[in-house]
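Single chain ahead, by itself, as structure tokens, in the form predicted alone.
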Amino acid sequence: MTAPGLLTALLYGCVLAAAVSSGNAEAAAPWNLQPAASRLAADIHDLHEWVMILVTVIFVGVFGFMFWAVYAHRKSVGHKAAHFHENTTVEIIWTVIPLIILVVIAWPVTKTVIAQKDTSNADITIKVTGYQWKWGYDYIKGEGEGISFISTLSTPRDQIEGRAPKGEHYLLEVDNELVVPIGKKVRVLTTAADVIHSWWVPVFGAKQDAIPGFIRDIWFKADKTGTFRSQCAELCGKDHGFMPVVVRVVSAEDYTKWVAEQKKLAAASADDPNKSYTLDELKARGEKVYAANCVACHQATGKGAPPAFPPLDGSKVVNGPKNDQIALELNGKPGTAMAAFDKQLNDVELAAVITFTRNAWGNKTGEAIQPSEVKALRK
């Protein structure tokens, strides 16, 4: 450890020691870990703080002795250097003491790590899928079974682009929050549709990578109600910083109400892929879908950010054969940032956004792409 690192450890350890001794770890320091909202997170916090105290004690002891030895045996007061090469007692001491310290640390750490991995007997199971750059949630076990939605950043583009003051939860707000009940064990299955993401909520002590082609799991049990905010913890591309995780913990009664409301909304707003829509209906719906899913890369003006994100205004693909654009939206384009939207958007949403892009800005095809046409090209 470098000298600046040791000084930082000393100062930070002293702050934490004061917090623990006062019995109020949450007020330790503004740069400390977020206040725990689960027993598991509290255990992780306790380990972190006590290890920092131990590091501080070792730092003070080792460097205190070293500085005393340098000062007390300095040449200016007549001391002469002694010549010796071996001391069996000292060697045994500096081997045994670190071993004991490591065992003392390893015992509670091992218990906590094992507890983190125990996802058995969950009350609720939720599949979390990472997309560039949003999260998909599917409730697959428990009271909310069957509920599915996409959670997308809801911070207005005006704030992001500096045309409006930043809001209270800038870049940490979404259109659809993950809702769970207090006191229930929630198992989270993580995967991804494109690149590696990481689902992370520090107040619950929950963090798990979402890897394409793999299912990994983690769990948490919230012991506080409220809204808890975090972000993707893996560098996953251009808009990595625009991929928040927001979990709202509610009472059991409120969760039951929320589940009922979600199922009613899903039934009422279910899109009919067999219905034919007018051009104006598709353009209006498509503009909203574009704002939620495409504007970050292709911009509100449709000019994109070449070469990574090509313009849609005047694009040969957008103004070319409609089936080519439908296939591109469904399957993406390997080797580029163009993601596949077949799992993210339904037939009506895809038809609407394709229709919008073919009739927005300088594009004037006059074509209305129907959901049935999208459905026919799905693999």
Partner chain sequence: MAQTATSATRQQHYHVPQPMPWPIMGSTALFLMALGATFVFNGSMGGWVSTSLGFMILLYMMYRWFGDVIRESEGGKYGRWEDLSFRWGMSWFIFSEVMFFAGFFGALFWARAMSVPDLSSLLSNELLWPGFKNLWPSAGPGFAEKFTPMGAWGIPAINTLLLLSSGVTLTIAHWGLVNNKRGQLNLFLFLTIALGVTFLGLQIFEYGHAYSELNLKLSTGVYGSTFFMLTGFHGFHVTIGAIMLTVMLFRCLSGHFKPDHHFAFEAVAWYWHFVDVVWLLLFILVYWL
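Positions refer to the first chain, counted from 1. Model, not experiment: these values are computed from the prediction.
Beyond what is shown, the protein has a form predicted together with its partner chain; the following relates to that form.
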Given a 4.5 Å cut-off on heavy atoms, tell me which of 281 to 289, 186 to 194, 142 to 150, 258 to 266 is the interface stretch with its partner chain in the predicted complex. 186 to 194
Considering non-hydrogen atoms and a 4.5 Å limit, does its partner chain approach K224 in the predicted complex? no
Would you please decide whether K127 lies within 4.5 angstroms of its partner chain in the predicted complex, comparing each non-hydrogen atom pair? yes
Going by a heavy atom distance of 4.5 Å, is A270 a contact of its partner chain in the predicted complex? no
Can any non-hydrogen atom of A164 be found within 4.5 angstroms of its partner chain in the predicted complex? no
Relative to its partner chain in the predicted complex, which residues of 206 to 224 have a heavy atom no more than 4.5 Å away? G213, F214, I215, R216
